[in-house]
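Only one chain is given next, in structure tokens, and it is the form predicted alone.
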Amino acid sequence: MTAHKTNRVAVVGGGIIGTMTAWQLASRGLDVTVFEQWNTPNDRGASAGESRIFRTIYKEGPEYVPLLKKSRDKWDELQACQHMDVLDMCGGVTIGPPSEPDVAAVIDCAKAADLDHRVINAKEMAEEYPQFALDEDEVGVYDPGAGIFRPELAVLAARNESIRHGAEYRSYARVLNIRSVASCVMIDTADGPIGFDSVVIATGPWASELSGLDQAMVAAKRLVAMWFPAMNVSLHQPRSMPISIRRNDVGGFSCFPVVDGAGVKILPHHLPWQDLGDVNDLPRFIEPETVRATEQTVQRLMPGLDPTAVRVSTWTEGFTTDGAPVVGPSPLDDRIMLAVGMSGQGFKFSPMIGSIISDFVENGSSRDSLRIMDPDRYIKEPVR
């Protein structure tokens, strides 16, 4: 990529990827404007849902580990600058048979990256973490470098830190089109066109509208989470209970300790994540069959919870066909940066996504970029 003279940068999307990118750009002295069709933060995109997971031992592959370690440093920096706690390093555990592919991948990653971890048998898990019911052939793989985010507060912290460095936010300002012209990249809004030296597209599940990536490349999906009352709240708070990822014949899910009130959040993985033809058609009422199936799984695998879903919430995320994010300059115009298709992974390393995009904007390259995230594996059609 050619390094361009860049002063004015637009970021389209004010979720965690957009706000983190705005922070990284503005901290380098660039003139940053963030366009968000709603407000920042909000509950409509991929940065909602009360809690998110940070992991260092990564089943997706050890190539992500350096990015995760650097992201953790930037999360610490953000919390210190904003005097706000948004990440609680409560540890994490992946539970299932050692031969189950995700459990095996976690163990392999820990060994390949030489990461601190423990493989805990079912009897030891019952003594140490009675919140989880394990079958005799299951183990827990403990990751001390895992934790739980408060996503809405994290977006707020990144937004405020970017503003502190000079970024401007335009809320309820929907971008209608992005056009490449010789002198700049034009953004069309209801208030008219505006030219920028570079534009970052960080539109989450709305990726197909502006990025040149259609629904076949980045599909918007519905995610459903449910909250179950903890019979012993103190046993299910972060100081006592790690985040967990469960793989069992009766179901798979992510599990989050109590952060508000008395509910443990369960995000089922074994039930289909519904494709959304139009993100704006996200259903807010969930079919009883989905709720009941999750309740049955909780009853079997989470003995300390009342197996009644007392709250159900939905939100959206953009998923690529290969499960890796799309991060870097568009092959069609290297003044347009893509940071979309996070596939449920983006929150934890969002500070480094912002840093990588900022490197490309400033220098035309980034030593932290991962080949697996390169946009040229997808884009074939012109950006419209």
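From 1 onward, residues are counted along the sequence shown. Small disclaimer: the values here were computed from a predicted structure and weren't measured.
Another form, the form predicted together with a small molecule, is not on view; read the next lines as being about it.
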ask   = Counting only heavy atoms and a 4.5 Å cutoff, which of 354-362, 330-338, 36-44, 22-30 contacts the small molecule in the predicted complex?
value = 36-44
Partner proximity in the predicted complex: residue 267 to the small molecule, non-hydrogen atom cutoff 4.5 Å = yes
inquiry  = Would you classify residue 86 as touching the small molecule in the predicted complex, given a 4.5 Å non-hydrogen atom cut-off?
reply    = no
query = For residue 173, is any heavy atom within 4.5 Å of the small molecule in the predicted complex, or not?
reply = yes
request  = Answer yes if any heavy atom of residue 210 is within 4.5 Å of a heavy atom of the small molecule in the predicted complex; otherwise answer no.
outcome  = yes
